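This document opens with one chain alone, in structure tokens, the form predicted on its own.
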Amino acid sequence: MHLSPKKQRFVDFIRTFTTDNDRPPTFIEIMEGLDIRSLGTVNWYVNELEKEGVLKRMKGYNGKRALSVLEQKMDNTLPLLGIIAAGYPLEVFENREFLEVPPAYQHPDNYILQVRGDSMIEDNIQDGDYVIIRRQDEANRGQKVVAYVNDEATLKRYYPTDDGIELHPRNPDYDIIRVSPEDDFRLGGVVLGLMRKYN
């Protein structure tokens, strides 16, 4: 079952909140967390998702109605946003696809990119592989990251230095990218996992 982006965001919020707090959110918490203007709108989403068999209202420990995400009814999918190739702008897909991932990778900040090229071959990331990325703008030293340098996207290992940043390939045929303070640089996220399709 594919949900609309707004419904998916609603379900993702409930799932993440429940995981982080060991309890489902109240309608008020959903309203505030998703910047929804009225409780009636929250109630509409819950009713619709109940009809679709994605959410279930259950009696909570304090007598109030609690929400439960019915995992078996959900597609464990993430959006495939585009292709990343060393030294090129990110090729973004107009028609977004969704790929199935293990439940542990389900998170509203996660997405998938397909890899072109062999600059990370020593990390066992091959041409055609799919990498699962968590959106964040910071990374630890040595982490595999998606980075944008002067509008070109690249997948490399991240090493901050005293006077900038170094992005290290994992293939001796490729040069280290040295990012200076004058460069336009941002992180698109860190690599969480890898998927490979065998034909």
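We call the rigid core whatever largest set of C-alpha positions still superposes within 1.5 Å between the two forms. Remember, predicted model here, so these are calculated numbers, not experimental data. We number the residues from 1 along the sequence you see.
One more form of this protein should be noted, the form predicted together with a further copy of the same chain, which is absent from this view; the next part is about it.
Undergrad: State yes or no: in the predicted complex, is some non-hydrogen atom of Val191 no more than 4.5 angstroms from a non-hydrogen atom of a further copy of the same chain?
TA: Residue-level check for Val191: yes, a contact with a further copy of the same chain.
Undergrad: Would Leu80 sit within 4.5 Å of a further copy of the same chain in the predicted complex, counting heavy atoms only?
TA: No, Leu80 sits far enough from a further copy of the same chain in the predicted complex that none of its heavy atoms falls within 4.5 Å.
Undergrad: Can you work out whether Leu90 and a further copy of the same chain are in contact in the predicted complex, taking contact to mean some heavy atom pair no more than 4.5 Å apart?
TA: Residue-level check for Leu90: no, no contact with a further copy of the same chain.
Undergrad: Please tell me whether any heavy atom belonging to Gln143 falls inside 4.5 Å of a heavy atom of a further copy of the same chain, as the geometry stands in the predicted complex.
TA: Answer yes; at least one heavy atom of Gln143 falls within 4.5 Å of a further copy of the same chain in the predicted complex.
Undergrad: Which of the residues spanning 98-136 lie within 4.5 Å of a further copy of the same chain in the predicted complex, based on heavy atoms?
TA: Read in sequence order, the residues that approach a further copy of the same chain (within 4.5 Å, in the predicted complex) are Glu100, Val101, Pro102, Pro103, Ala104, Tyr105, Ile121, Asp123, Asn124, Ile125, Gln126.
Undergrad: Once the core is aligned, please say if the CA of Arg178 is shifted by at least 2 angstroms between the shown form and the other one.
TA: Stays below the 2 Å threshold, so no.
Undergrad: By 3 Å or more, the Cα spacing of Gln106 and Glu52 differs in the predicted complex; is it closer or farther than in this view?
TA: Between the C-alphas of Glu52 and Gln106, the gap narrows in the predicted complex (3 Å or more compared with this form).
Undergrad: Compare the CA separation of Leu192 and Gln8 in the predicted complex with the one in the displayed structure, and answer closer or farther (the difference is at least 3 Å).
TA: Compared with this form, Leu192 and Gln8 lie farther apart in the predicted complex.
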